[in-house]
Each structure stands twice: as structure tokens, then as C-alpha cells.
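Before any questions on binding or motion, here is one chain by itself as C-alpha cells, the form predicted on its own.
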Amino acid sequence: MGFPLLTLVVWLPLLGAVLVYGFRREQVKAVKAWALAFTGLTFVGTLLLWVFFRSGEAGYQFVDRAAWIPQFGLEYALGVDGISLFLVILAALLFVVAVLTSWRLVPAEGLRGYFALLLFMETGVLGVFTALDMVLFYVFWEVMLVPAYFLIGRWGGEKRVRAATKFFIYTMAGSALMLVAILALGYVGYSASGAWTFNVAELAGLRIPWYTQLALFGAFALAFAVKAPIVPFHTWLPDAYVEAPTPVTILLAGILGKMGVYGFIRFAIPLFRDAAVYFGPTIQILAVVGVLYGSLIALVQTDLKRLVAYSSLAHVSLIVLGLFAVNAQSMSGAVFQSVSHGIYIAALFALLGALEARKGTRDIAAFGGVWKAAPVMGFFLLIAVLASVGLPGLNAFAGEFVLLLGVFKAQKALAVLGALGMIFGAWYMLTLFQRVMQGTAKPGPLADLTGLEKVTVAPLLLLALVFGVQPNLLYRIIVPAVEAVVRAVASR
């Protein structure tokens, strides 16, 4: 395709950010409409990527390249393959959901800045999933961080400043390590070939000395472990998820956390294959600890968002467990589950945000018998909960089953421990549903979902059903790209 569709998709939100911020303060409706228009157009662009993507091919497609700083091997290079395509589409979809969820939630004061930051962050996130140059990847990674910090710190809950600062410090610490590793990796390439390059495909062919691999993998892994997050680098997660406004929580849980998972499979594993195999068992043990720890902590939570935040920690830890089994099933399941988790966790947080907006509290004890007063909300929450617990026919089952199948081939004990997380997940999520939706209704009016809220959540639940019934829509594109990574690791 000669048309630079991928470049347009990545930069269109930034253009939207500039235009939205250019409106006058009192033009609230125009600001909302244009924010929705730009996120919507970006989402349509990502769907076109899917339509024109050649399934069955493992390499990058829609590649856009241009010299950036050629003297030092830096280039503007974007592309997508079967690993990144659906993460790009998911990101674009969740930003549309975030804009719609913000519609009545965010006050008119500061609305231009809010939507401009949201659109700015979208360009950073899309850039992370498409950059083929390591330095460009780092730039997009940092671009994402700044608006996320301000969105949490300005529009979050009572402890928003503390949560935003914690999120920023953790991520910046990981980013600093990653930058050092990128520079060192470029120098290793320069020493080997006499030419500077930061192109991912070219760096993947390097023969890196053992101890250098260990050091560089460690630096990348720490950066990605913070973002995923993996225990013990997770402590920013519950505070950020709870204190962020609901639309930003949707983005944090649905797509920003996947940047760490993506970093592992795109960079850390294929670039440092020996080190990935060496450290793999340790990371898998930490992942299992994350599954069990997140599940057990979720069981005793009394706060709606905090419960789902810890459930997200458990689910993403399971994805990391699958990544480091390093076989086609476990890694394909992990990529599928990354997309799947982004869909149902976004629906869950959107519905919990609607509950909080009506009652003015997130305390689970304040709810009860909601289904009778709000049957549509009850039905939607039931589907989202069933998707979360991995009910067959919904999307999480298709991801978790294949992922655990691959882990079981490699480490049976870890697969069994990882599967325990699914049992705990069914326990705490069904308990949450029972306490909120059933039983005796608590005092106070409780309205059902509005038309806008239905339009926002229904597509996510429909996707959970479609990908649950037809998972091959994703797998036929994911598997060839994952198999290429597995072959590269096997040939080390």
C-alpha cells in the first residue's frame, strides 16, 4: 500500500489534540464532538489496517520509513505485524470508549485540556505499538507518560496527586533504565558492524555476548515489569487505577498495561534470547506469585475499583506467565488474552464508574439489589463478569485455554498454579456481582444505564462474545508472527 495509512493513524490524534485545544473555553459541545470525531476516525483507520492486512504473513506490514538522524542510525520507522495489529485496534477502540465515558463525567472546566491530553496520549500509545526503531519507541513511550500523569493528577480522586506521582516515578525509573539499555544496544551494534542502527529487525540479528545480554535484558525487563506490572513492581497500580478518573482507568487497565507485555514479546525476548531463556523461570515464578497474590487480595476488597484493579494484576500476571513459556501456544494465547483482557476490563471499569457516579461511593457494602432497579446495567455487568471469569463462549476462555495449554507443555506445576487464579477469579467476581446486583436493595434511587452508556459498553460486550465464538478471527493473524519469535528463540 503506497498510502501512509499507519502514519496517518498514529499522528491523527495529535492533530486532533491541537485543534481541540484551539477552541474557546465555552465551546464545550464542539470540543466533545471533535474529540470523538478524531478518536473515531483513528479507530476507523485501524480497522482499515485489519481489512488490508495480509493474514498468514509473519513480517511487518504497512511499513513507513524515513531518515531521521541518519548520522546516528536513527530513522522514522513504523509497521505492524500479527502481534501488534490487534493491540493497535484495541487502543484506538478504547480511546473512543474513553471519550464517550468522559462525556458527562468530566466537568466543563478544563475540558479542552482534558481531551487534548487524551488525544496526545493516544498518539503516544499507538506509536509504542508501531515503532520499529528503538529510539522512536522510547520517544513514544515517554510521550504517553506525560499526559497520563496530568490526567490522573488533575482529574482524579482525593489522593490523585500521590497516585499520579507514584505512577510517574515508577514509570520514569523503568524508562531511564530502558534508555541506557537502548544506547548500549546501539553501541553493541556499532561495534559489530561499524554502523549505527536502532532498527529492531537489524538488532535482532546481533550476536550479543552473554554478560551483555544479561545486563541489557535486565534493564529492559525492569522497565516492562513496571508497566505490565509484575510483582513486586506493581504497587503503583491499585492507587493509579482507583484514583484516576474512570475513562483514564479504562485506558490504564485496558491498554497501557499491555505496553509492558508488548515490550517483552517485541524486544526483550527476541533481542536477548539467551538471557530471556535464563531469566524466564524466575519471571514465571514472579508471574505465578502475581496471579495468586492479586487474586487473594481481590477476595478481601471492599472497594469496587480496587477489587477489579487487583483482578487485573492477576490476569496480566497470567499473560506474562504464558509469554515466558516461549512456545507457539503459550505466546499466541498471551497475545490473544492481552486483547481479550483489554475488552472486558474496559467494560467492567465503565460499568463500575456508572455505579459510582450514581451512588457517590465505591464501597461494595453500599450496593445491593441493583438488578431490580437497573436491569440493563445488571445484564451488562453479568456478561462482563462472565467474560472476566473465562466462561466458554466468551473471549477470555479462548485466550486462557490456549495460554495454559502452552504453559502446561513446558511447566505443568506452573500451569496448575496459574489455573488456580481462574478459580479465585470466579470466586471474587461472582461474589462482587452477587453483593452488588442481588439481595436487598439499599436506600437511595438508582437509575439504569443511559443511552450513551449503553452505546459505550455494548460494543465491548459484543466483541467479547464474537471473539469468544470465533477466536480464529484473531489467531489466524497472531500465530504466524508469534511462531517467528519462537523460531528465533529456538535458533539461539
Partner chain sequence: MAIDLQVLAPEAIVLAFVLIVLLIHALSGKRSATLVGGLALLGVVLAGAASLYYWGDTAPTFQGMVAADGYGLFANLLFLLAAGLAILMGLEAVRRFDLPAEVFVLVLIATLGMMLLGSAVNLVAVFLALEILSISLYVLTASERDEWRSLEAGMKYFVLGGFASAFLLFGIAMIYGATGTFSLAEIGAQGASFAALKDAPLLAAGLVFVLVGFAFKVALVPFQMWTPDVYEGAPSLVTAFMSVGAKAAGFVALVRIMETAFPYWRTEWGWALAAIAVLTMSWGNMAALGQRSVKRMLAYSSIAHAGYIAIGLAVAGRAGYASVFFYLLCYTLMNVGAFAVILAMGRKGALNEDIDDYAGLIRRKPGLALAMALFLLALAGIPLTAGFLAKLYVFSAAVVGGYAWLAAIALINAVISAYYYLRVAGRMFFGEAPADASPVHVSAPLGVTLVLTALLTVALGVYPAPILNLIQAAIRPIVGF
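Values in this document were obtained by computation on a predicted structure and should not be read as measured data. Numbering follows the first chain given and starts at 1.
Although not depicted, the form predicted in complex with the partner chain is the subject of the following passage.
Chemist: Of Tyr76, Trp196, Tyr278, Phe379, which residue is found within 4.5 angstroms of the partner chain in the predicted complex when only non-hydrogen atoms are counted?
Modeler: The residue from Tyr76, Trp196, Tyr278, Phe379 that makes the contact is Trp196.
Chemist: Among Ala108, Ala173, Leu420, Leu391, which has at least one heavy atom within 4.5 Å of the partner chain in the predicted complex?
Modeler: For this set of options, the contacting one is Ala173.
Chemist: Any chance Arg154 has a heavy atom within 4.5 Å of the partner chain in the predicted complex?
Modeler: Yes.
Chemist: Residue-level question: is Phe53 within 4.5 Å of the partner chain in the predicted complex, judged on heavy atoms?
Modeler: No - in the predicted complex, heavy atoms of Phe53 and the partner chain never come within 4.5 Å of each other.
Chemist: Residue-level contact is defined here as any heavy atom of the residue lying within 4.5 Å of the partner chain in the predicted complex; does Thr361 satisfy this criterion?
Modeler: Thr361 lies outside the contact set for the partner chain.
Chemist: When the contact criterion is heavy atoms within 4.5 Å, does Trp68 count as touching the partner chain in the predicted complex?
Modeler: Heavy-atom contact with the partner chain at 4.5 Å: present for Trp68.
Chemist: Since the chain is shown here on its own, which stretch among 178 to 186, 335 to 343, 296 to 304, 88 to 96 would lie within 4.5 Å of the partner chain in the predicted complex, judged by heavy atoms?
Modeler: Flagged stretch: 178 to 186.
Chemist: Would the partner chain be touched by all three of Phe267, Phe272 and Gln284 in the predicted complex, meaning a heavy atom each within 4.5 Å?
Modeler: So, no: the whole triplet misses the partner chain.
Chemist: Going by the partner chain in the predicted complex, which residues of 139 to 158 come within 4.5 Å of it through any heavy atom?
Modeler: Read in sequence order, the residues that approach the partner chain (within 4.5 Å, in the predicted complex) are Val139, Glu142, Val143, Val146, Tyr149, Phe150, Gly153, Arg154.
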